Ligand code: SAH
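A lone chain, given as structure tokens: the form predicted on its own.
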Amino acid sequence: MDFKKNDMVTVTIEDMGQDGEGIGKVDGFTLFIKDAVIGDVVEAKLMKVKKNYGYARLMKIITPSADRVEPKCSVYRQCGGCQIQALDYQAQLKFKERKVRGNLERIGGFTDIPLEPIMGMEEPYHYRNKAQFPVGTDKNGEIVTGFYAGRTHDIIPNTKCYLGTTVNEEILQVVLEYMKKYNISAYDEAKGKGLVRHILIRTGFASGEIMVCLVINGKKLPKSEKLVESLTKIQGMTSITINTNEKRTNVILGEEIHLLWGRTYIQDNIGDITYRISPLSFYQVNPVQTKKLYETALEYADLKGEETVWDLYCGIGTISLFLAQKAKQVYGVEIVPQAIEDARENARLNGMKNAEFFVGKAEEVLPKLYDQEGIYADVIVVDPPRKGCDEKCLETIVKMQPKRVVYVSCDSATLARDLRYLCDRGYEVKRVRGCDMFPMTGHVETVILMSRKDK
């Protein structure tokens, strides 16, 4: 049967894609349908038709899946930030486990995968310690904040996000009231005019410290003392700053931070380690699950106190310092200079003298130190960005022959590719475990232990 745009079809959803979209087949023709979940029978309208597959819009749920639940959020479909909120949480965890296993089998060619139970959350809402809210105006010229609608830069007004901390709503109301009262303009992306672009909020889950940073298209915030007066009434307020970003860009933060009140950073703990976090710091957004993830990485590393460990893509030293609790010496590598400054500061803060950090690309720093100084590693830990490890970096890992490699991944597809490379060169996968760092979304973190095959 030939399908064309605007055709209506009835589909049973049998699977879900990388971003949580429903997947079903009609006469062998595969359809991707956003907001449909596994087990649904739906009526859908074809929006885009390719040779063997198409994209359709969910029009009606004919028979809901046994795992379908009523989403908490009223704007979840337009927002698109919680792609799978309509799926029961236990079913979400099963979907993520299947996703990890499927990628390792299909892309990596692995069989008999030693998959351990995924680490889920007891409370899969209000887990994010960081939120960035764009600011704009609606059709009536009213100042609004919320989130961008999926794949657009249209703001859906919403101050109550179920993934963020509950204090966010109070902070957003304070900022909006201040802007309206003192006639402070919102940024207009199309024109590049207006002042307030984003409101960044971070909360220390362990410390209770709160940071508010307004990203502005300028150097000064008029009547900022009035905003400070209102924000400091909120319990836990620690840091109020402005960040200057005058570029016509989608990048949220600029380089310059100006202190309005308190300190330019907050502190938080994961386990026994204290971290200093500035508006520009990369810091895991789900501290509850980060602790589980890092404890698993530490368990897999199996450190006895005599090992030299390399932590590649180390950020502000979050995993490095966890490892330094048990290792003889840890070396961290990260391309962002600001992150390395934070990492060194975090090592000082925790009195750790056995952690040293290098600025640069892991795929450049590691081979150079290996070739010139003959450095070695008993254990190498990698936590790369979504695109996975650079091949030069994998090549050097193979040359260095660490006994164990612990790979922390935010994308099981690139993970599978990298594991295949290492397994073809003397390593084997020993343990695999998923960690649900982002409930209600299609994303899943995975931690893997590899060890050198005995010669």
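Remember, predicted model here, so these are calculated numbers, not experimental data. All residue numbers are counted from 1 along the displayed sequence.
Unshown form predicted together with the named molecule; subsequent notes refer to it.
Between the options Ala206, Ala91, Ile335, Leu260, the residue in contact with the named molecule in the model of the complex by a heavy atom within 4.5 angstroms is Ile335. Checking Lys328, Lys361, Lys291, Lys223 for any heavy atom within 4.5 Å of the named molecule in the model of the complex turns up a single hit: Lys361.
Among heavy atoms of Pro117, none comes within 4.5 Å of the named molecule in the model of the complex.
Looking at Ile319, you'd find a heavy atom of it within 4.5 angstroms of the named molecule in the model of the complex. The named molecule in the model of the complex comes within 4.5 Å of a heavy atom belonging to Asp383. Within 4.5 Å of some heavy atom of the named molecule in the model of the complex lies at least one heavy atom of Tyr313. The candidate stretches are 302-310, 70-78, 279-287, 92-100, and the one lying within 4.5 Å of the named molecule in the model of the complex by heavy atoms is 279-287.
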